[in-house]
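This document starts with one chain, in the form predicted on its own, laid out as structure tokens.
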Amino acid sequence: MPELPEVETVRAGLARELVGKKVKAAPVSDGRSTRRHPSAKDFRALLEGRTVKSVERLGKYLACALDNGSHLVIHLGMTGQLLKAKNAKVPKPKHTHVVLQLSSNEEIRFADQRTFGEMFVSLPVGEGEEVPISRFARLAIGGNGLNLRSRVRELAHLGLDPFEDQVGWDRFVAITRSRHVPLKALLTDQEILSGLGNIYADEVLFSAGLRYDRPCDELTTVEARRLHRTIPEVLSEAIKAGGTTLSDEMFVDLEGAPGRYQNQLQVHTREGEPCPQCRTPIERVVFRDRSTYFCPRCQS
């Protein structure tokens, strides 16, 4: 499933291609991709004719601000791809379910093999309407995250975003000590921390020297501070590399190019390979129905 670096890579591409352009039409060929709406016709009525003003990201969600205060919200799910085409004559990839036909005659196509992803239009928050924002997100002391949550009610439940929310190490330590769950479960809980998934949780924990099943409320202050620092460091490097494209080749950017961070992965998918720090073979276990990779020595 695309995680924060992959979604941020797509966001940057969309910002270049969408901002200032009008959505002339938005044909839908599979209503599962617009399932929050009563019908594809309803989705199209809310989107067609609108101009995109900005493209933002929160966790694994994209939010395209429209000129009437609404937002086109996109979640890639497990296999979703957003692909640019110069015009309608370019053959559509298999599993294309929604097409954004732009005023420039270009198209942005939403292809999704497993249809777990979605697109929907979020209506403006009414005057005086109070949006119940995640209690973890409310710990932020800065950033754009709170503002976006207050404008897009469907994103208000998301936990702290490592880039869109600013939170000091002291508050992060308080979060870890308030939960009695394994560290990887904390990192991948989207209502506590939004954006990390299976790949980057493994990479962050290795870089921080912490084992995946360590109870998070047992971390020392030094360990929790190190984890707090490591999360944005690892994610920043992955963003620079355009995200991770694994062997299924499902993640590509707007131009159809794969990411490059898979060449820099330290432990994820490296079972049996020597640890880059101590040369101990990397191990794989199944944790909460997902493969988890770690070094049994460095993360003892």
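Residue indices: 1-based, along the sequence shown. Computed from a predicted model, the values in this text were never measured in an experiment.
Below, we refer to the form predicted together with the DNA, which is not included among the displayed structures.
A.B. asks: Looking at heavy atoms inside 4.5 Å, which stretch does the DNA contact in the predicted complex, given the options 107-115, 80-88, 219-227, 204-212?
C.D. replies: So the stretch in question is 107-115.
A.B. asks: Quick one: of 61, 251, 43, 261, which gets a non-hydrogen atom within 4.5 angstroms of the DNA in the predicted complex?
C.D. replies: By the 4.5 Å heavy-atom cutoff, the listed residue in contact is 61.
A.B. asks: Can you pick the one in 24, 21, 16, 290 that has a heavy atom within 4.5 Å of the DNA in the predicted complex?
C.D. replies: Among 24, 21, 16, 290, a heavy atom within 4.5 Å of the DNA in the predicted complex occurs only for 290.
A.B. asks: Considering only heavy atoms, tell me if residue 138 and the DNA come within 4.5 Å of each other in the predicted complex.
C.D. replies: Residue-level check for residue 138: no, no contact with the DNA.
A.B. asks: Mark residue 92 yes when one of its heavy atoms lies within 4.5 Å of a heavy atom of the DNA in the predicted complex, and no otherwise.
C.D. replies: Residue 92: no, not in contact with the DNA in the predicted complex.
A.B. asks: With a 4.5 Å heavy atom cut-off, would you call residue 171 a contact of the DNA in the predicted complex?
C.D. replies: No, residue 171 stays farther than 4.5 Å from the DNA in the predicted complex.
A.B. asks: Given that the DNA is not shown alongside this chain, does residue 268 nevertheless sit within 4.5 Å of it in the predicted complex, heavy atom to heavy atom?
C.D. replies: Flag for residue 268 set to yes.
A.B. asks: Give a yes or no on whether each residue among 11, 53 and 256 has a heavy atom within 4.5 Å of the DNA in the predicted complex.
C.D. replies: No: no residue has a heavy atom within 4.5 Å of the partner.
A.B. asks: Counting only heavy atoms, which residues in 198-232 are within 4.5 Å of the DNA in the predicted complex?
C.D. replies: Counting only heavy atoms within 4.5 Å of the DNA in the predicted complex, the single contacting residue of 198-232 is 198.
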